[in-house]
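The chain below stands alone, shown as structure tokens; this is the form predicted on its own.
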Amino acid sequence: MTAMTTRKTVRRVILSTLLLLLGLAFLFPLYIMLINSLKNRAELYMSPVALPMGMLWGNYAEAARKMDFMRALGNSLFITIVSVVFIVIFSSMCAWMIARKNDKLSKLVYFIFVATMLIPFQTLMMPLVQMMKWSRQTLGVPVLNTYGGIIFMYIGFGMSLAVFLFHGFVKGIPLSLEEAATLDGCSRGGVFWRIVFPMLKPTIVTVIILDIIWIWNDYLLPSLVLNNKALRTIPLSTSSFFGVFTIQWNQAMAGLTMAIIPVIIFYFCAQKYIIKGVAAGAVK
């Protein structure tokens, strides 16, 4: 074995070790959550990092009761699915029109979409609350404590990134395909739904995955909009474990574990599609 081969082997071992340690560091919070979800409170406070002496699966049943888990699961599913469907439809149509118009107005609209991606959500919280109050008092349109209100906001906040992704992909679609369809008698809407939309499949999958993970795990926006317990999503329902004077950490860990299981299953089932989507967008 030459000296160069030895150096390459040592470098590869060091790099693999560092990556392994980095991976373990990212998995450590998950380990803490899982083991503490199976302990009683005394055992948890005694040693949070030790393995449980017994498996208290009853923590999960109690956590599901306090969270009203099935209702919260239904709320999260409904809000997430409806929001993502509208984000995909509206943003793909908007990006297609912007890319094909390509005039000053469409460039300005595209610039506004991209610019809004840079604005932190925390800076919009107070204006958002004021807008919700104004909408109810002036227009008579209820936004607080309604499915429609939070879905409308998710569509608005999710459009910018989706338009950005779709716009980059649409620019790579040959215009001649759309012109040929038009010559064959296809209407403007038919060109989009029959020619353009099916070709956007890689980006559609990417947008769906990113938005599902974001909306499913989001806590901040539902905490502003959904005060009614019957409308709470899964992340929001985990707040039932954190009282003013007491915190049921073991049950909270069980509740958090149940909250992340659906999105982890979804991610592992769909991860190959997001890689394909990102790769396709990069090539375009």
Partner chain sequence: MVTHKKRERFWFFLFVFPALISFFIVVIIPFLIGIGYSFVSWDGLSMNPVKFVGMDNYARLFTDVRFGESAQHTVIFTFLSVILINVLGLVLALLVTSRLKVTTIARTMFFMPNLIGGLILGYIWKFILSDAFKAIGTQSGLTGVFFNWLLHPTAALMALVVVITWQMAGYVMIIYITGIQSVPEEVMEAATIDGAGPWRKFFTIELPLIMPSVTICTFYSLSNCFKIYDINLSLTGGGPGTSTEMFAMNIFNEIFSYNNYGYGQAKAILFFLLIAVVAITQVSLTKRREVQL
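None of the values given here were measured: they were computed from a predicted structure. For the two forms, the rigid core is made up of the largest set of C-alpha atoms that agree within 1.5 Å on superposition. Numbering follows the first chain given and starts at 1.
Keep in mind that the form predicted in complex with its partner chain is missing from the display, and what follows is about it.
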(message) Is its partner chain in the predicted bound form close enough to N36, L118 and G156 that every residue in that trio has a heavy atom within 4.5 angstroms of it?
(response) yes
(request) Using the partner position in the predicted bound form, report whether V170 sits within 4.5 Å of its partner chain, counting heavy atoms only. (result) no
(message) Is W57 near its partner chain? Define near as a heavy atom within 4.5 Å, in the predicted bound form.
(response) no
(message) Since only the chain is shown here, I'm wondering whether L22 would be in contact with its partner chain in the predicted bound form (any heavy atom pair within 4.5 Å).
(response) yes
(request) Report whether the minimum heavy atom distance between K101 and its partner chain in the predicted bound form is within 4.5 Å. (result) yes
(request) Would you mind picking the one in V88, L73, I213, A181 that has a heavy atom within 4.5 Å of its partner chain in the predicted bound form? (result) I213
(request) Check each of L77, M199, M125, L177 and return the one that places a heavy atom within 4.5 angstroms of its partner chain in the predicted bound form. (result) M125
(message) If you apply a 4.5 angstroms heavy atom cut-off, which residues in 85-109 are near its partner chain in the predicted bound form?
(response) F90, M93, C94, W96, M97, I98, K101, L105, S106, V109
(message) Could you check, with the core superposed, whether the Cα atom of E43 shifts 2 Å or more between this form and the one not shown?
(response) yes
(request) Could you tell me whether the Cα atom of Y31 shifts by at least 2 Å between this form and the one not shown after core superposition? (result) yes
(request) Spell out whether the Cα of L226 moves at least 2 Å between this form and the one not shown when the two forms are superposed on their rigid core. (result) no
